[in-house]
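Listed next as structure tokens is one chain, alone, in the form predicted on its own.
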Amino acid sequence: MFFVIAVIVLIFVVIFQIAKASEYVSILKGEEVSRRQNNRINGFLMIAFLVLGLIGVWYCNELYYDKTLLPYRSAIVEGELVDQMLWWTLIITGVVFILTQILLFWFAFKYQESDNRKAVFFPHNTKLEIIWTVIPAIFLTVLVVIGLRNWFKFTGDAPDNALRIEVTGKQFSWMFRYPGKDGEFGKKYFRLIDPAGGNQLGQIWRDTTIQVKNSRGGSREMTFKADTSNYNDIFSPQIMYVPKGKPVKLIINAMDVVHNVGLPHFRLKMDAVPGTPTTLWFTPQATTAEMRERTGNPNFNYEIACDQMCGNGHYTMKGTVVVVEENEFKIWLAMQKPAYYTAFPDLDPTKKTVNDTTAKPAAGQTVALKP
């Protein structure tokens, strides 16, 4: 580090000394002669900067390409569309970048000041302005249309057989809810959220009456009837399991501030807005185990990150997405205990009192049975 700093300081000192020497030379030779000489030097430097700059672009690509997501296919079927759009964007903008930089530096060298050439000035050229306005507009319009097509696909209606998962963000964690055997999410109300009582999402588990104040200082009663669909909903903090090859629809919410569901390996992201559910759907095509083989990283995991600055702990707001084969997912889902029975274990129907002469348990002893 000290060596690099010393080299940088030395380079600045050398440049400063050259500048001072050039200033002294210009005084001795005369301002006009010195200006012409510096003009020629700058013209050659433009070509040098062009060559070194293009080499630098190539070198950075060689150095960092493998550290990006570009070498790996999208982990979802729909993400292939994003990859195609990204590659077309890189190709078009890359070609334009290289051509414009070559022309910029080459023109600075070729058309430097010369006594044998007279400069020509023209303030307006309609044909040229139409060309450099219409052509970029056409390319940008095509890219925008492709982007909108992909966006409408991700956020449109999911297939009828899609697995629905509710995603809820809060400072600074993710929570996931799966519908029970009835396939329906139970109703919830934000004023019923009670983390200490095991009700992380405000599910309506019991008949409840609460007092709600209005803006005028008054209050009114709100009564909620127990929603039996809530009894089977499964709650999973920080880890979301999804099956490979089956469409998955995310219903996205936020409890406090605006968050953003960022799925980099899926090429997707979507805002999580308090009070305004958003949706997104995709079809996984590579399990976590398969991605570990592709990347050569035995510790690889799909990440769900918050892509919206949401507070001091924003950087810690990360979750894990586990993609497994469909049969593995079914086994995992069958092993999960509904959040209702986690909060009220005494009501768990998978537990019963054992009272027979073989086991001879203590009075009132309960034994957990397999689902």
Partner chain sequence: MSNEAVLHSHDVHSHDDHHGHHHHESFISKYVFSQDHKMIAKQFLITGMVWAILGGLMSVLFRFQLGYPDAEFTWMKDLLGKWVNDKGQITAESYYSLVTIHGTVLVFFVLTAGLSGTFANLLIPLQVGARDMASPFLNMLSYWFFLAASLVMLSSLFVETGPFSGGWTAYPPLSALASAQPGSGTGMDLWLIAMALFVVSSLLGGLNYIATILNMRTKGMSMTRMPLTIWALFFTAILGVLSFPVLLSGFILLIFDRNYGTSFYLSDIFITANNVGALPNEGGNAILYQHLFWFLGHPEVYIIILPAMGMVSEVLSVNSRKPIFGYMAMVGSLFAITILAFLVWAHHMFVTGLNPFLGAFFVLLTLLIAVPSAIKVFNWLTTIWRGSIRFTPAMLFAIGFVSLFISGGLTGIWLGNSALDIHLHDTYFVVAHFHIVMGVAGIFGMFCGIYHWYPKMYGRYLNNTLGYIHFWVTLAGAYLIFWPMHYSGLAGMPRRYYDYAQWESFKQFGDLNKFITIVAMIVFAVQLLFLFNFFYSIWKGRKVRSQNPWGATTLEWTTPINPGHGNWPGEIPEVHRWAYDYGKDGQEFIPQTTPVGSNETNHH
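Positions refer to the first chain, counted from 1. Think of the rigid core as the biggest set of C-alphas that the two forms share within 1.5 Å after superposition. Computed from a prediction, not measured in an experiment: that's the story for all the values here.
Just so you know, the form predicted in complex with the partner chain exists too; it's not on screen, but the next bit is about it.
- Though the partner is left out of this view, A226 does not reach within 4.5 Å of the partner chain in the predicted complex, counting heavy atoms only.
- In the predicted complex, the partner chain sits within 4.5 Å of a heavy atom of F105.
- Contact annotation for I204: none of its heavy atoms lies within 4.5 Å of the partner chain in the predicted complex.
- Taking the partner from elsewhere, P179 is found to have every heavy atom lying beyond 4.5 Å of the partner chain in the predicted complex.
- Residue-level contacts in the predicted complex: of C60, V51, V33, I331, one residue has a heavy atom within 4.5 Å of the partner chain, and it is C60.
- Judged by heavy atoms within 4.5 Å of the partner chain in the predicted complex, the contact stretch among the candidates 160-168, 226-234, 239-247, 192-200 is 192-200.
- Residues of 77-104 that come within 4.5 Å of the partner chain in the predicted complex, judged by any heavy atom, are V82, M85, L86, T89, L90, T93, V96, F97, T100, Q101, L103, L104 in sequence order.
- Once both forms are fitted on their core, the CA shift for T276 between the shown form and the other one remains under 2 Å.
- With the core held fixed, A334 shows a CA shift below 2 Å between the shown form and the other one.
- Here I102 does not count as shifted, since its C-alpha moves by less than 2 Å between the shown form and the other one after the core is aligned.
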